[in-house]
Ligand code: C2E
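Here we start with a single chain on its own, the form predicted alone, put down as structure tokens.
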Amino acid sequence: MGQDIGDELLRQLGSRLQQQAGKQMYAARLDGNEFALCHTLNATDQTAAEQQAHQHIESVLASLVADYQLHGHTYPCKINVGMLIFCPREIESVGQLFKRAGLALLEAKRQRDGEPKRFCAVLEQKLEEDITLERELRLAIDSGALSLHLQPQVGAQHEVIGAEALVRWHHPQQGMISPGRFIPIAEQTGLILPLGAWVLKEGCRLLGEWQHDTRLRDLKLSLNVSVRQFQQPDFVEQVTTTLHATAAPPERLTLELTESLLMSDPEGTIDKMLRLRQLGIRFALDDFGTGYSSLAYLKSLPLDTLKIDIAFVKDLTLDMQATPIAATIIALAESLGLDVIAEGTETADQCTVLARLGCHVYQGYYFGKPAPAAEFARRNGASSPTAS
């Protein structure tokens, strides 16, 4: 609504904080839209201190979240609160004080549940671990310490028709680090861009090598693309250059996108997809059914495949509600002329149900766990050097 509206909101919020502070608390504006309150508690033990602190915070929040009248309009305001309870002798410096309070505030922003978050040693330890992991991940990307593991995708006769490439990191001291651990750090720090570029280059290199093996050349390879990676202005040029450099056939490459990506910039997303489609590249919508994309928007996208989320597949034989959801997704895909892949297929019973519903392409532990690219090539192609 403009900087003047934002400034007025900050002025009114600061005035309310001063009123709440009174003579018992110090109130300050730290930076931008971050404020601090320092209050002395008259408590004899930790439990009493926590109770007093929460009472004060509830009182302050009640004042701050009440609607604001700004230039004739009413606006709500959401407040995130990080809390630190301390004895002066426990704090080595003012910097440490603000660092710990800031960590609690960061946790409140991550949780997004509106509840004040209190600092604890675990938060500080996790931050230090994340900083270390970020530094080591940066080195791993630069030094080639990452690898692609491929999970087979199979057809109706359980024949391998392709694979999804999944990045793996074998740490020299910690061993294999879960993608669930380092991918969020990569996204938060911007390392997802060089990481995504490495996955694209390595995946295309494999596709190029497969062209020398008669048993591998017809397989498709799926690569995951993050929101930030796809939103780069030169992403299409990056893909084009990589395809040419690796001699990878574009028609064998599938880029897996998420619903959050598709909804973040509809027009820009469709434009890039159409430009990449002209090269022959295919698109799959990953984890379908867990997001909020509209069906009308889905119809306008140049997609080729919907991937049923693992959450619906794993409960097919256990939860009666999972079957109609899967059936609806399969019917929707069929009506749009799209293929369907069921992720997380782990049992023969699940395959039976999925086949009965009309899904005939599967991916999951029942057909194979992700394996190093060289091992995947040996299992499914010739053992020539070019195929490894």
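Residue positions are given as counts along the sequence shown, with the first one as 1. Fair warning: this is a prediction, and the values are worked out from it, not measured in the lab.
From this point on, the text means the form predicted in complex with the named molecule, which you will not see here.
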| message | Only one of 247-255, 110-118, 220-228, 84-92 has heavy atoms within 4.5 Å of the named molecule in the predicted complex; I'd like to know which. | response | 220-228
| query | Given that the partner is absent here, does residue 303 sit within 4.5 Å of the named molecule in the predicted complex, heavy atoms only? | reply | no
| request: Report yes if any heavy atom of residue 202 sits within 4.5 Å of a heavy atom of the named molecule in the predicted complex; otherwise report no. | output: no
| Is residue 137 close to the named molecule in the predicted complex, meaning a heavy atom pair under 4.5 Å apart or at it? | no
| task | May I ask you to check whether residue 14 falls inside a 4.5 Å heavy atom distance of the named molecule in the predicted complex? | result | no
| request: With the named molecule left out of view, choose which of 266, 102, 179, 208 has a non-hydrogen atom within 4.5 angstroms of it in the predicted complex. | output: 179
| request: Please pick, from 106, 123, 298, 166, the one residue with any non-hydrogen atom lying within 4.5 angstroms of the named molecule in the predicted complex. | output: 166
| Which residues from 342-372 come close to the named molecule in the predicted complex, meaning a heavy atom within 4.5 Å? | 343, 344, 345, 346, 364, 365, 370
